[in-house]
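Just the one chain here, the form predicted alone, laid out as structure tokens.
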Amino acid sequence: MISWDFALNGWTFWLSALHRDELWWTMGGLLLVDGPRYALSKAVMFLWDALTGNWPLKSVQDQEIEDRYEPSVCVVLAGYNEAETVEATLTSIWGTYPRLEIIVIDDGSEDDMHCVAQNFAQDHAGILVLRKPQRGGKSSCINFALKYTEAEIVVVVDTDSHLAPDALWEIVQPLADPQVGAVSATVLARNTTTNLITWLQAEEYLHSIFVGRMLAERLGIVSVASGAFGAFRREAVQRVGGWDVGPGEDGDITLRLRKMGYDAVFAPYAECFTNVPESWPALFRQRRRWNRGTIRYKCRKHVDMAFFWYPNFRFSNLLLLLNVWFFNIVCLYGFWIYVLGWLIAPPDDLFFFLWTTYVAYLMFHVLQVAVALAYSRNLRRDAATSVVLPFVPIYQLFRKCARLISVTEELFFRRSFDDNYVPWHVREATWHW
């Protein structure tokens, strides 16, 4: 039996014997995945904040009450067959903000969602429950709700999520700037410890949403105010004509607001907790839907953000598209071409090759964890989330597979228009971008 010392010495010898070109080839695939790119850029962001005095970040808890921005807010909860979760969602929202109204839209549910919401509304002021006789999708529900509110800010929350106590306060603060049209929030997993799959998603959300969108805001390329929890200036929404047909309607309206000249920003400490898929097939279906939106909206519908001759052209919008095109498409196919290359002609020392890639990826991800914990307001929770670190490279490979399939089928077959997320009669009535 081979001892660990023997294997370690063999690996060390193999690494030291590699020529520089061979080392670059060995690490080439790693440079095509998200981890190293995000790790280095996030580290630079943290160093910049630390050197310029912008760290630690300020939150509502650091403000005096009289200094807080306090616009009127309407929270819209649109759901379909969410009888089991809507009451908990309402409980987490009601009473957490002073100038608040809540509108619940039952999108033609076949369960008791409307009754559950109505019962809650009877005992709690400021809640309007509406029911649509025919399912029309999330976009139609939110647009329907807009007719019943004059609030300055519209906040969209999924009916299977719950908000942190100060989440509404946090998410409205950036809207004190009239240039801001949409605010993205931090979405975290609520069912983190259900199994390894949910734990890996929780770890992903911590880095891709909490710190990832923080970085995107610094670069001016925030592209989505999540449908699970996002805030929008009602006047701006009315200017762009409301929500368009999904899936991916949250990213679509954010891009349309950017094209109108508004900024999209991020409120890192506005926290929403949502249930994530608990099985690999369910997760795969979710990611197919999400990744299709990358092509549908950022490669077709809103490709005009790259047209410098248009009067509404902004360099930040071009940078947003270039970031997506290069890292989410070019690097994606580059990675799989690289994998195909070593499958056809595998290296002589395949184990050392895979082990080196695995260890290097982990080292980059440890850097990401350190940055996330530096910005965290809940160090114990986020540190516990990060203990699945050894499994992250395998999870990353799964995500790459899902992205390859979904991007390819959307590029060539426009499969987003076959997604039952939106009812058939609505999908057929809309323009197929």
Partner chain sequence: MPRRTPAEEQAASSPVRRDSPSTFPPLSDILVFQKDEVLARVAKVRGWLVEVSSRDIELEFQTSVRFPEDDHLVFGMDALNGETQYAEINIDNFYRSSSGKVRVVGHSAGVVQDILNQPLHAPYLCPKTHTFRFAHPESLLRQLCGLGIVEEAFLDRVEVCPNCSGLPTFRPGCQHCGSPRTTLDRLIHHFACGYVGFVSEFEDAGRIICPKCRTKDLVVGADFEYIDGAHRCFDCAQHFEKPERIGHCLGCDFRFPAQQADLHDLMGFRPKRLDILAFSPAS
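Please read these numbers as outputs of a predicted model, since none were measured by experiment. Residue numbers count along the first chain shown, from 1.
Not on display, but discussed next: the form predicted together with the partner chain.
Undergrad: Consider the chain as shown here, without its partner, and state which of Ser279, Gln134, Thr91, Gln179 has a heavy atom within 4.5 Å of the partner chain in the model of the complex.
TA: By the 4.5 Å heavy-atom cutoff, the listed residue in contact is Gln134.
Undergrad: Let me know the one among Phe284, Trp342, Phe352, Phe144 whose heavy atoms come within 4.5 Å of the partner chain in the model of the complex, would you?
TA: Going through each option in turn, the one that passes is Phe144.
Undergrad: Report the stretch among 265-273, 160-168, 241-249, 315-323 that approaches the partner chain in the model of the complex to within 4.5 Å, counting heavy atoms only.
TA: Careful reading of the contacts points to 241-249.
Undergrad: Check for me whether the partner chain, as it appears in the model of the complex, comes within 4.5 angstroms of all of Val33, Leu51 and Gln368 - heavy atoms only.
TA: Contact check failed for every one of Val33, Leu51 and Gln368.
Undergrad: Using a 4.5 angstroms cut-off on non-hydrogen atoms, would Gln118 count as touching the partner chain in the model of the complex?
TA: Residue-level check for Gln118: yes, a contact with the partner chain.
Undergrad: Taking the partner chain as it sits in the model of the complex, is His114 near enough to touch it, meaning that at least one heavy atom pair lies within 4.5 angstroms?
TA: It does: once the partner chain is placed as it appears in the model of the complex, His114 has a heavy atom within 4.5 Å of it.
Undergrad: Spell out, yes or no, whether the shortest heavy atom distance between His425 and the partner chain in the model of the complex is within 4.5 Å.
TA: Contact check for His425: yes, within 4.5 Å of the partner chain in the model of the complex.
Undergrad: Flag Val86 as yes or no: does it have a non-hydrogen atom within 4.5 angstroms of any non-hydrogen atom of the partner chain in the model of the complex?
TA: Outside the cut-off, so no.
Undergrad: Taking the partner chain in the model of the complex, which residues of 417-433 have any heavy atom within 4.5 Å of it?
TA: The stretch touches the partner through His425, Val426, Ala429, Thr430, Trp431.
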